[in-house]
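Just one chain follows, in the form predicted on its own, and it is written as structure tokens.
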Amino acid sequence: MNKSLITLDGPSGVGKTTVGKRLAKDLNFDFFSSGSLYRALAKFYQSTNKLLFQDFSIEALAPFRCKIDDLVISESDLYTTYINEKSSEIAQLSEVRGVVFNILHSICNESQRGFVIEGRDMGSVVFPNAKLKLYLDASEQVRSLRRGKQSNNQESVDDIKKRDERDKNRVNSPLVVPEGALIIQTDLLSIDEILELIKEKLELL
């Protein structure tokens, strides 16, 4: 892979997407949230009551839009309580993770620039040889508030705890700190401060 690759991992609501988009913009890299794929599959299941499909195509990365068989799914479709729960549930399935793994590598290989990609196992499983691996974390209370501001999505502290438990204890690709990752606790840091820490690390590589 002849390009710079940065992975961003961490639990729900920690700020991965916000940080990832800003970082990619500053570095003139492409950005993608792997969770969009799981959410799209959850939306496909909600609409068709099935996970198996014949065709999957990415029509746009930002804002995200894809087509699964005959169903077109936009980013605005992906942030509901149902999608939150179902995407976390199907992410535990090895066959689903295998499909997402292949799609992510295809997306990354098609990029002509550097790439910033966020998720739960980007640096640990999907791209273990990334140039820089980051792991963001924050308290459950802070993450619940942040999720509440995302597309008017409401997730209580209990919802966050349940999702964390599923993500960290699933058999396939559990949420862990990737080996060699820079860990950033984001509770008291602004986006600019987080980006400064990341760029300082990049200068040392």
Ligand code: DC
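Note that residue numbering follows the sequence shown and begins at 1. All values derive from a computational prediction rather than experimental measurement.
Although it is not shown, the form predicted in complex with ligand DC is what the next lines describe.
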- Task: Tell me, yes or no, whether D167 is in contact with ligand DC in the model of the complex, where a contact means a heavy atom of each within 4.5 Å.
- Result: yes
- Item | T80: touches ligand DC in the model of the complex, heavy atom cutoff 4.5 angstroms | no
- Task: Evaluate S111 for contact with ligand DC in the model of the complex, applying a 4.5 angstroms cut-off between non-hydrogen atoms, and reply yes or no.
- Result: no
- Message: Check R120 for me: does it contact ligand DC in the model of the complex (non-hydrogen atoms, 4.5 angstroms)?
- Response: yes
- Note on the structure: TL;DR on 35-43, 22-30, 51-59, 137-145: the one with heavy atoms within 4.5 Å of ligand DC in the model of the complex is 35-43
